[in-house]
Structures are given as structure tokens and as C-alpha cells.
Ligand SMILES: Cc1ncc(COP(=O)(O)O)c(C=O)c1O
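Form predicted on its own, single chain, as C-alpha cells, below.
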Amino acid sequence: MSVISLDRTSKKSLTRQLYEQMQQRILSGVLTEGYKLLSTRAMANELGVSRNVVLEAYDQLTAEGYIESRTGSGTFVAAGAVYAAKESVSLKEVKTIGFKSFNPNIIDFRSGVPDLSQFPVNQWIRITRDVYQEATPAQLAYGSPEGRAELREAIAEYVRVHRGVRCHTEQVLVTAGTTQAIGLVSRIMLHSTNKNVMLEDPITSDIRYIIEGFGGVIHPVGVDENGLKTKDLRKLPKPLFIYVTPSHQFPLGITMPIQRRVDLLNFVSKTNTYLVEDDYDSEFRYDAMPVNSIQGLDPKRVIYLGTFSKTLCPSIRVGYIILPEELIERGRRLKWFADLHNATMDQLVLARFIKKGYFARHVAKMKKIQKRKREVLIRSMEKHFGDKVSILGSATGLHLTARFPGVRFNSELLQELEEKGVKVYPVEEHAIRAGFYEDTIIIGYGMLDPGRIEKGVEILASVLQLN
């Protein structure tokens, strides 16, 4: 046998080192089929280690099929164990997927992120400690795909009171945020020969990619000052579902009025299809009460999506779907196939956080904070741009959009802005049909303090030079 060298300073145990070196010699063919190994005692003497080290290494190699013991004859290399190791995959070209972390040197007007410095840490820690201290064996075991009853009850009560949703607890399906919810809805719906899906245009690009990834055929429908152009629905093939953000259209920020909602629901009813209502940040309506959901008008034809990413924080990864009754069973079954269920203890913490009233108070507090930031942003925009800018969608949510007629936010301009210390996001990136929103950007203010908001607008003005 080739010389085996054991390093007593290594973090790996002597047993592990011996096992790996013998394994590699067998795989590479250095130790050939039928080769007789030293006895465990002889090997231990040769290496200067205890016999237990060798016994454990031989036992592991035997268990994995590399070697075999023959009664009365000894231990031999088994047949069929030669396999030349392949080269490792280079990771230099791996593309990062998902959100990039915030650069502290950049004033980042990213949308959809609340002020995470305001997260109610103390209450969350207290509830987390209590939940774990009171945990039962059943709570620590596997759960149900639809989510814990405690959290589903809390969600159902909250959306009934605050969003005008009409539902019972059994309709609630807990998800890992809206991204998983969209995937699940796609899987629930896209199982027939009809794959047509109508989307608002523009719409969050991720939604389009997820639905397409599950086989959906996208038919974009334009948006005007009242939201989705319902008159255009009749010009397109019958859809399986229509995806809308009626309380705060993303990215333009439009709130759909009742007349347009009624027209949309009439179309859904006549064509026997479904409406998917994404209610992602509607709690933050600043000049009036939040607008009620469309779901409350027709619970049988509307699939309602909600998330805690915009109201608490994205990292807890909790969202939910309110399913019409006839879709509940299929939804639960597909959720089971996806991930069994969300983390049980996190669900119990959130459920108690809601039921104790902390969540409603946190939303009320954040509404005041975000309203002040919005006012600072609008004043700064008016100060630096005057009538050179049109501000849209500022009544609700964590962002607004700004249209600068005559400006084209191409890659060169965006790069120049970032080099000067400001990052903004073009609406055009979310447009399904290109060329209509090149002069419009999304300006999120949730994560920025008033001083950085003012500074960011000042830099934006210095680069655009519109006055």
C-alpha cells in the first residue's frame, strides 16, 4: 500500500484522514480490485495510531462498499469502486440572484422596503422567548401546509377588519412571501390547456417572469390614470386569471376607482375567470383611510395576496393567499409539494404579535413616519424641479413615481447618477411593452431618513439640470 501520512495538527480526526486517503486510493485505482489490506492491528502499528482509529476507518469504508471482509482470509478492495474524480466547477461566473444589499455610500431610492430601523425588536424578542419556552412537542414536529391555525386566524381577522376582505380562516394559505404566493397561484391555475394570463403593464417584472416560468402566456393590458384599462380586456383571448394591484398599482401608484373595479369584476364574472389581487402595501395610505380590497366585492372570483414584508420586514418571509373555496384543497396540496410548511415557531411568534395588537400599532406608527418622509420628498422635488416633473402615485405606499418629460433614463444616465451617489429605478424596466416609460422613475423612500432624501433629490437635480 502507498504510504499514508496522518497530520496530528489537522482539524480533521485521524479516522477521517485515514478513511479519505484510502478512499481516494481506491477510487483512483492505486489500490486495485482484490488488493488485500493490512489487518487493523498491522495498520495501526504502521501508522502509530490506536487500533480503534483503523477499525472505525475500515468500518466506514466497508459500509460504503469500498472494501469487503472475507471470513478467514482478510479484508480486500471491493470490485467496481474505481471512478476518476472530475474537476471542480469554477464559481467565477456564477451570477448573483435576488436583491443586492444596500450600499451605505449610495442614496438608494429602492422601493418596497420599509424603515427597518423601526422594527419592534423588543416586543418581537419577548414574544419569541415566550413562544419557545411554551413550545409543545406537537409544535416542534411537522405542521400543515396551509400554516398554523393561530396565524391563519390572526390574518383572517386582520384583513376582515382593515382591508375589507370577506373570508374565513380555512381560506388562508400561509406562504413564504408574495414571490412564493405568485408561484403557487400559477401552479394552481395553469393546469389546463388555456395558459393565457392578463397583466397590468407596467407591472413588477418578477411577477411576469414567475408566471412565464410556470407556463403562462402573458397578455399585457395598459394602465391609465384609473388603473387597468378594462375596456381593453375584451380585445384579448380569454384568460385563466387577471393580475392586478388595484389599491396601489405598481409601479405607477394609481388607486383604481370603484367604477373601474366594477367593470373588472363584471368581466371576470362573465368570462368565468379569476382576478388575482396583490395588496402589497395598501396599509400606508396617507391622506385618507386605506381603500378596501376588491376581494370584498366578490370573494368567489378573487384570489387575494398579502405580505408582511412591507409592513414589518422582508426577512421574516411571511405572506398569505386568501383562496376562493373551490381552490383551497388544490392550493394546500401544491403548498405541501413546495415546502411542507413554513417555519412553525416563526408563525406562532407572528400570530401572537398580531393578536396582542403590536402589529396594528406598528403599522399606525410607520404610517406617520412614512408620511413625513413622503412630504419631505415631495417638497424637495417641487423645490428642485418645479413644473419640470409630474409626481404620480404619492397617496399610498412606500414609493412614488416621477415623470420628467424629455429625459430618457437610459443606462448611461443611471450610471452617471450612481457615480454621483444616487440610485433610482426606471419604470421602463417593469414595462412589458417597451418605449412608453423611458422618462419615468420609481423613487422609494421607506429606508431613507429625511436628510438623505433631500440630499438625494439635490444630486438628482444637479445631474438632470432641468432648470
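For clarity, every value in this text was computed on a predicted model and none was experimentally measured. One rule holds for the numbers: they count along the sequence shown, beginning at 1.
Omitted here: the form predicted together with the ligand. The next part is about that form.
- Between the ligand and the residues T75, Q370, T307, S380, the one pair within 4.5 Å by heavy atoms in the model of the complex involves T307.
- Among the residues R126, R361, R317, K300, the one placing a heavy atom within 4.5 Å of the ligand in the model of the complex is R317.
- At a distance threshold of 4.5 angstroms between non-hydrogen atoms, I207 is in contact with the ligand in the model of the complex.
- Using a 4.5 angstroms limit between non-hydrogen atoms, E146 is distant from the ligand in the model of the complex.
- At the 4.5 Å threshold, heavy atoms of Y280 reach the ligand in the model of the complex.
- Although the partner is absent here, F250 sits close enough that one of its heavy atoms falls within 4.5 Å of the ligand in the model of the complex.
- Contact with the ligand in the model of the complex, defined as any heavy atom within 4.5 Å, is confined among 160-168, 308-316, 338-346, 258-266 to 308-316.
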